[in-house]
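This document opens with one chain alone, in structure tokens, the form predicted on its own.
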Amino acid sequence: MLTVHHLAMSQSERVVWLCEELALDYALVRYEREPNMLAPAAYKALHPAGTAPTITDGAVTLAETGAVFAYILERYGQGRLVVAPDDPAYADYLFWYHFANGSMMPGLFTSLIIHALGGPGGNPLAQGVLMRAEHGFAMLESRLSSVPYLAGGDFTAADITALFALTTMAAFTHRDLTPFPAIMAYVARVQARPAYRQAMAKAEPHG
């Protein structure tokens, strides 16, 4: 059976949500963080990467968000939550599907570290990283001002990959979303989905 190993307050919540959207028969194993906020030894032992998300499926153990999503969508998705290559929205889907992990999340994680170390100061490299993170929010605001979902008119896996950066990660980095009304409306719209609510009730039962 497909098993999602979910580390509390981590990106693996997206995999739980994906499984709920697909109405899959899956098992969920939840791991609490250590007092220092790191993953427990039992989680790190699941895969050599030692990171969330991690899934197991029979003899398969797989980590990395993009790989996990591709595995589940291609093995169990039956064409759901993706855009076909001959669809006019395919390029938009591909871009936004990869945007969260390829650009948004690295920028936010690095910003978190920069601020934890006291801010960018006069370091141009650090300032550039912070500007890149800001540009990501501006891009999302522009996109969501014209379409309800990132790929266009339909909800897809691109929306599942993106939301973590706008919720949990935004909270970690103390990001105020009020200057971005389209993003705020999008977050509310997506969080109202029954599958999202079911996923969060399972993945983060303590709120």
Ligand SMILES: N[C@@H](CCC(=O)N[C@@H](CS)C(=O)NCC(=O)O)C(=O)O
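Keep in mind it's a predicted model, so treat the numbers as computed, not measured. Heads up: residue numbers just count along the shown sequence, starting at 1.
Below, we refer to the form predicted together with the ligand, which is not included among the displayed structures.
Between the ligand and the residues 38, 138, 70, 182, the one pair within 4.5 Å by heavy atoms in the predicted complex involves 38. In the predicted complex, the ligand sits within 4.5 Å of a heavy atom of residue 52. In the predicted complex, the ligand lies farther than 4.5 Å from every heavy atom of residue 4.
Under a 4.5 angstroms non-hydrogen atom cutoff, the ligand in the predicted complex has residue 101 among its neighbouring residues.
For the chain shown alone, residue 32 is not a contact residue for the ligand in the predicted complex, no non-hydrogen atom being within 4.5 angstroms. Stretch 62-70 is the answer when you ask which of 62-70, 23-31, 173-181, 155-163 has residues with heavy atoms within 4.5 Å of the ligand in the predicted complex.
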